[in-house]
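Heads up, what comes next is one protein chain in two forms, each shown on its own as structure tokens, labelled structure 1 and structure 2.
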Structure 1
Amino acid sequence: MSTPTEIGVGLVSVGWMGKVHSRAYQSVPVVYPELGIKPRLVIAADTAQSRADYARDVLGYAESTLDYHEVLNHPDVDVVSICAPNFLHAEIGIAAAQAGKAFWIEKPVGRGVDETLAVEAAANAAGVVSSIGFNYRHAPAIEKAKQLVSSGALGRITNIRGTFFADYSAEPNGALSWRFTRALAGSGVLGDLMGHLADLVHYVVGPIAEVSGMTSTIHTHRPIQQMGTGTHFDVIEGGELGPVENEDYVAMMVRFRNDAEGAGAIGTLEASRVAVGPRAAYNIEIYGTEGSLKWDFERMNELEVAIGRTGDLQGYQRVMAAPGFGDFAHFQPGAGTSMGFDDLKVIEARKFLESVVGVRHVNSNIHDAVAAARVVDAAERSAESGQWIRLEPTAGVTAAIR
């Protein structure tokens, strides 16, 4: 075996995603030994001392700091994971690009389309690789769904339905984390879950052209949670209340760009962070003239497929993800042994690092983030004005523009 290519990793923010990114980097040489890529955890930053210490003492970073600038300026850092709350994304993304570092940034990139565009401009100017935390793209069943759609197995796609329903804040005393504050998060469930859904639909079906949206906030006050403590799933009894400044629920109607026959698909997309019942029911259904498919993240390793309008076996069949579906074979030797959420991040790390070493550019990038941000922004503006909003085409997207 030739000497592996070492890549120095810097991490900004050691919350849930910071931990998941770190484990993903560590898994890449194990899951993909053939790539010859060896990430080295160099330095991690978090303003919470306990989390900076955890990065060094437990996750295995050689150094830790309270100041993210030390990560960006570190000479041994080649790539940076940006896992900070949304309000820091533009500032850190731009600074990372200006420091010449490739970056893997969590979604949504910033607090709205303007901040996403600013990061895009900085990445373009510096010519650095960017990668976005749109992890649901990588589910092997989704890769199979994309293949079925693009091969024409479902015929002409006529309509879709997507519902990203979570219960992480269904409890009225669920913590008022940074996610509920405009200055720290931007939009609410729109940026948090609808951005994921918009990207997934772009990836599998194609670009959204027009949007009509409605939003609502169900729980208007919640107990305040301090930054850098706990998780957004926490329930706080008897704490001081603060206002929820963004939406809990969004419903949208969408039109896709016209296909070759001039008949673009239409559909509905919804997202909720306060649903009672669904835990993380991230669902898409795609209907075509010759067949249909359904996927739900709660059953990530399954795909329901119906192909054909005749014969004795019409209707949905359930198939399990298997070797041959996306990256499944890298994780498990046979169908039925399930992959999980963190595995999607390992695939994302693989795609990012492969792009960094220049093997091929396969990761979602900052242009995909702009495409998703435009959908989110249009839904928000439509909800305010009551009007349909047309979207500008976004150039250079890895999947949305075919």
Structure 2
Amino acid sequence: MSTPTEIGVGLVSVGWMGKVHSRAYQSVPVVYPELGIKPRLVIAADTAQSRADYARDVLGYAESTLDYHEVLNHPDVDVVSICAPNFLHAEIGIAAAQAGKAFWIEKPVGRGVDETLAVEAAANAAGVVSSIGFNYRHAPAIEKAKQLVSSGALGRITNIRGTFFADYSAEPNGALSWRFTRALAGSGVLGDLMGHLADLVHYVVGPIAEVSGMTSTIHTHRPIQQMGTGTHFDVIEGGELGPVENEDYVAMMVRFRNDAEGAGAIGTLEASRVAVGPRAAYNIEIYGTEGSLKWDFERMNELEVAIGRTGDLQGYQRVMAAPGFGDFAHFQPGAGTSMGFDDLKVIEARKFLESVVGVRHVNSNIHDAVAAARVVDAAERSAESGQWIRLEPTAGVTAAIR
């Protein structure tokens, strides 16, 4: 057996997502032994000493620090996971590129399209590999949906509907964390959930060409929370109120780029962080001239498919993810034994590391982040102006790979 290729890993921020990234790296040699890649957890940074210690003592990093620059400057670090709060993403992403480190960064990459473009420019200048935390791409049912669309099994795609509805901010007395402040978060649910949805439809259907959007802030004030205390999920009764500076809900109409026949699909996309009822109801429906399909993240391992207009078995059939659907066989031996959220991050780590060693380049990259950011930006500008916004194509995306 050949000696595995060792890749030194650095981590910036040891929160929930930092832990998920760390577990994903550790799982790659187990889930994908044929790759011959062995990540080594070298150094992790966090501004809190307790979390830095956790990275070393529990997650297994050889070193920890309170200064992320030590991660970027470490000679044994080949790749960096950037899992800090949104307002630090661009700063750290640019610094990672300038340090010559390949980076896997959570979305949104920037607090708007300009910051995202700045990270793209830095990555291009340095020639480093980048990967983005668009994890919903990697669900085996979504990979099968992409295959059905690209193979023509659904015919010509005519219209789509996407809804990313969550309840993580549904409590009116939920703390006024940084997520609700424009200077720290940029947009609200646009950057948080709509960015995911934009990438998902880019990946499965194709590039969005035009956007008409509208936004709404449902809970305009929330109790103030001091920076660095508590979490986004804290509920504060009777506290001093401060203004919510970004949107809770967004809806948009979209037109996709024309296909080979000169026809482009149309559709609607919605996202909410304050819905009461949905927990993480991230849905996509795709309709074509020969069939349609539906997927819901809350039932991640299922796909509803209808193909054909004749016969006595018309209508939707529930299909369980199984070997042959994306990377499912690497995790489970047969349909009905389900995969989970963390597994999607293992697939994401696999695609990132493959790109780093030059095996394949099918991971989402900084250009995909720019494409999604442009949709988000167009929706926000359209909501202000009431006009349709046309988008130019983004070069270098992997969403276009069929």
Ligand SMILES: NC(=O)c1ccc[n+]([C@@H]2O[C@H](COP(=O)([O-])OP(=O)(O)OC[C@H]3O[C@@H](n4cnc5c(N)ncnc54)[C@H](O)[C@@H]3O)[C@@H](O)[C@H]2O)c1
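Fair warning: this is a prediction, and the values are worked out from it, not measured in the lab. Sequence positions of structure 1, starting at 1, serve as the residue numbers. What we label the rigid core is the largest C-alpha set whose atoms superpose within 1.5 Å from one form to the other.
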message = Just to confirm, one of these is the form predicted together with this ligand and one is not; which one is it?
response = 1
ask   = With both forms fit on the core, is the shift of the CA atom of residue 177 between structure 1 and structure 2 2 Å or larger?
value = yes
